[in-house]
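What follows is one chain in structure tokens, specifically the form predicted on its own.
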Amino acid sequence: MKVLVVGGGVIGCATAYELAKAGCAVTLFERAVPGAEASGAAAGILAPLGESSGSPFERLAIASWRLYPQVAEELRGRTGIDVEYVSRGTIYPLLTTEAVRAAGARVARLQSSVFGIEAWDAADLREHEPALARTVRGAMFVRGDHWVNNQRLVVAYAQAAVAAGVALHSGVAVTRVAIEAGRVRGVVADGDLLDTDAVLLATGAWTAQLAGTFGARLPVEPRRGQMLALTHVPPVVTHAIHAEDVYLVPRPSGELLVGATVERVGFKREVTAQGIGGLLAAALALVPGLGGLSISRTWFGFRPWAPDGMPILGPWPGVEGLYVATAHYRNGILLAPITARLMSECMTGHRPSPELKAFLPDRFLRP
């Protein structure tokens, strides 16, 4: 089967790789370079536990989280690229004694043995992460929260896809999806119509624009996220730290990532003083010792958001051969392995997995 994948972020590259392994002849189009947008702008946090325990989203996230050790080793074996898979865990700071007590109760309800969840008091914090401010009274610690270098991950997936036979075309813009008689015919790329058996739209925050080329409306919008990195040698903190208004992720490369804003500003491409200033203020309130570190870089990305906050995955209703994988919002890196696996199975003749039921585009689209 011939498949055209549109979009070279982590979702597009990972799914192209899985499709090639399944025996498909895959062509991948990316208008810039792999990881140029949201996938390259992320922090790479793999935190599968959400507020809604047992929800379809959490089940999907946990399934993907379980795949990551295997994925990291497979990509290293096929490409030689170390995606910097780190498993030291995340500290969720708590500022009041009431919150500390509530955390202890929540630990009893969660899968604490599987994910290594602990309730820490002030003494535990001083022992494990002494740089945290004294205003932090305790924390939830989740050892099962891991992280990767997202830029390396996208490159590794892209290289593994090419090694598996995918034809990767960087710098090629797809401007239209061609549909005839209720079936996808192909795409128009750089003015040429390319025929195929199936098309996967994995274009992130731009998916709605591409859907508009064949008269469809998909409610996917960009949410800008600004971030910065501090030079972190020697390291001030050793765990990831995630508060309500900021998170800190120490990289093996010697950077400390500080993120991230969530802004509804369309596709406005800029880093702002207000955005970066707010992140720095929140970071310094948590870890005062960061004040002497230098800022190594700042950046932004556009996360694809859907109205219910969940990804859109599966066959396009009423159009045979057309599929979509988008709206991963703040979880594209985490959900890449499971998205790639489920979409590959769905596109190669299997019926959509029950795991996709809650995420099908049918909830927003009708034939």
Ligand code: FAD
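The numbering used is simple: start at 1 and walk along the sequence shown. Owing to the predicted nature of the structure, the values given are computational and were not obtained by experimental measurement.
Omitted here: the form predicted together with the named molecule. The next part is about that form.
Every member of the trio 42, 172 and 203 reaches the named molecule in the predicted bound form with some non-hydrogen atom inside 4.5 Å.
Proximity to the named molecule in the predicted bound form, taken as a non-hydrogen atom within 4.5 angstroms, holds for one residue of 199, 241, 161, 260, which is 260. When the named molecule is considered in the predicted bound form, only one residue from 92, 247, 85, 120 comes within 4.5 Å through any heavy atom, namely 247.
Contact annotation: residue 186 falls outside 4.5 Å of the named molecule in the predicted bound form, judged by heavy atom distances. Although the partner is absent from this view, residue 16 stays clear of the named molecule in the predicted bound form, with no non-hydrogen atom inside 4.5 angstroms. Taking non-hydrogen atoms only, residue 311 never approaches the named molecule to within 4.5 angstroms in the predicted bound form. Within this chain, residue 337 is remote from the site of the named molecule in the predicted bound form, having no heavy atom within 4.5 Å. Just one listed stretch, out of 133 to 141, 229 to 237, 72 to 80, 204 to 212, contacts the named molecule in the predicted bound form at the 4.5 Å heavy atom level, and that stretch is 204 to 212. Contact annotation for 274 to 306: residues with any non-hydrogen atom within 4.5 angstroms of the named molecule in the predicted bound form are 301, 302, 303, 304, listed in sequence order.
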